[in-house]
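Below, in structure tokens: the form predicted alone, a single chain.
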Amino acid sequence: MKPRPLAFIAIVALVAAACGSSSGTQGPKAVKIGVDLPLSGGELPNGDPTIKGVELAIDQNPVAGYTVTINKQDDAVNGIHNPNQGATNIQTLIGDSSVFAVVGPFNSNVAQAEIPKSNSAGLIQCSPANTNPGLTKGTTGADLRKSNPTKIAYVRVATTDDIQGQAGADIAYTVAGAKSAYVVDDTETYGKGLADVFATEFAKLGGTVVGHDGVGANQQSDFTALLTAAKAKNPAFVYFGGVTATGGGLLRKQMVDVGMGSIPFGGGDGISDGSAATASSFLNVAGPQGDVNSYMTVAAIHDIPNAAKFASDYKAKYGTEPGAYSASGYACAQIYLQALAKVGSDREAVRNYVTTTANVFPTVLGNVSFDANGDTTQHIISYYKYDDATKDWKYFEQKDFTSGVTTTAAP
């Protein structure tokens, strides 16, 4: 048989390719969900369980016509979340045209650096854990999105600290029975904001704040002098606004060293980072004596609609229990995948769909919707206390600060 000319073969290949395209036989479109979380050093106990929640959501919720993967960015520098790194990361994600939405960040001061950039670019972010009210509310929130003031490009499934601070005060005054408290914060966006609300709400309940100190990064390696002075004021409770990596665990450990170990201690979700066996977690750093009588809150619902299934699925995939914000990371990804199925991967279409206040998203957290500022309409805080039997945080109740309903854990 006479060989065909190369030109003829090329023409046949082009026709075949064209026919394949027009008949719809081309593969699914490859798109990405960007993720920016602290994923190294002392912050790993926060970021790792959260990104695993995102991964699990993508595995379990395929969208016809799309292959969804992750563009992963770590905003920790030397083991601590870093706003400058976050700003660099969000710019990287903006520059990746296949990224149609972003999960993260975890820390509020990182969000403060990222929101102006994502707002300007119109790339939607969903934070599983940011709680500082100023990221979305009032003049501060408006200033962060001044590039596109009417186009919200940041939402969150975590409740804000004007509510979480109330919960911390409720634990101190009602649960622990303390009528006086000493407050310490790490001077960061999240920590100071949370501590300020705690102090205000504790006073409203009838308690007395005997002192409130802010401790910057250069002082977070030794709290001994601060605690010695505080001990003389005889507080019945100590509250910390900040995260483990900015001194939370060390503060509690050094309370024991100066003879304050028997005083109940509380903090927000910044110290919710694993059991005592988890390296660099609050409970690990605080030590066995510091763990006792320690409380913390999580700015999210604990009694999710199908908690047993989520925990079972997570453990089957990763061999460990979910973290405090694994379900929240899953929920952010779920919302994006629903938007992808509904409106496609165009960034503006996704942003608009997610932020439309009338839209309600069925998620692992229950039905989620966002208000005009991008805040979740769920206002539930979960309460935890250290449990010596498991050497871990143990949930004991959750409170809905909209309805006022308190749900107590089953015995």
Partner chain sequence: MDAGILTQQAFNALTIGAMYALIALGYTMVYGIIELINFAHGDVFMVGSFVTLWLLSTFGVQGAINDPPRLTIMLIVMFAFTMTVMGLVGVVIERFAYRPLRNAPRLAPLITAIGVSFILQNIIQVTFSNSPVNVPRVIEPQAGATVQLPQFAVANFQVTASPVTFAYSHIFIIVLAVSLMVALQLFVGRTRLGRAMRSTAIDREAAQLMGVDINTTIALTFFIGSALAGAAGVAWALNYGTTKFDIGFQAGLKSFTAAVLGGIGNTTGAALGGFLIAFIEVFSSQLGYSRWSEAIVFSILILVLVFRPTGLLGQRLAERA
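Everything numeric here is computed off the predicted structure, so don't read it as measured data. Residue numbers count along the first chain shown, from 1.
Below: the form predicted in complex with the partner chain, not depicted.
Could you spot which one of Ala341, Ile304, Leu226, Val209 gets a heavy atom to within 4.5 Å of the partner chain in the predicted complex? Only one listed residue qualifies here, and that residue is Leu226.
Of the options Asn78, Thr174, Ser262, Ser312, which one has a non-hydrogen atom that comes within 4.5 Å of the partner chain in the predicted complex? Of the listed residues, the single hit is Asn78.
Is the gap between Asp170 and the partner chain in the predicted complex 4.5 Å or less for some heavy atom pair? Because no heavy atom of Asp170 falls inside 4.5 Å of the partner chain in the predicted complex, the answer is no.
Distance check, Ser98 to the partner chain in the predicted complex, heavy atom within 4.5 Å: No, Ser98 is distant from the partner.
Hey, in the predicted complex, does Gln166 get a heavy atom within 4.5 angstroms of the partner chain? Gln166 lies outside the contact set for the partner chain.
Report yes if any heavy atom of Ala217 sits within 4.5 Å of a heavy atom of the partner chain in the predicted complex; otherwise report no. Yes, Ala217 sits close enough to the partner chain in the predicted complex that at least one of its heavy atoms falls within 4.5 Å.
If you check in the predicted complex, do Pro49, Leu205 and Asn293 all have a non-hydrogen atom within 4.5 Å of the partner chain? No, the whole trio is out of contact, none within 4.5 Å by any heavy atom.
Look at the stretches 197-205, 184-192, 304-312, 150-158 and give the one with heavy atoms within 4.5 Å of the partner chain in the predicted complex. Result for this chain: 184-192.
From first to last in sequence, which residues of 228-255 have any non-hydrogen atom within 4.5 angstroms of the partner chain in the predicted complex? Heavy-atom contacts to the partner chain in the predicted complex: Thr228, Ala229, Ala232, Ala245, Leu250, Lys253, Gln254.
Pair Gly42/Asp291, Cα separation in the predicted complex versus the displayed form, closer or farther by 3 angstroms or more: It is farther: the C-alpha separation of Gly42 and Asp291 rises by at least 3 Å in the predicted complex.
Cα distance between Ser281 and Glu321, which in the predicted complex differs by 3 Å or more from this form, closer or farther: They are closer; the C-alpha distance drops by 3 Å or more in the predicted complex.
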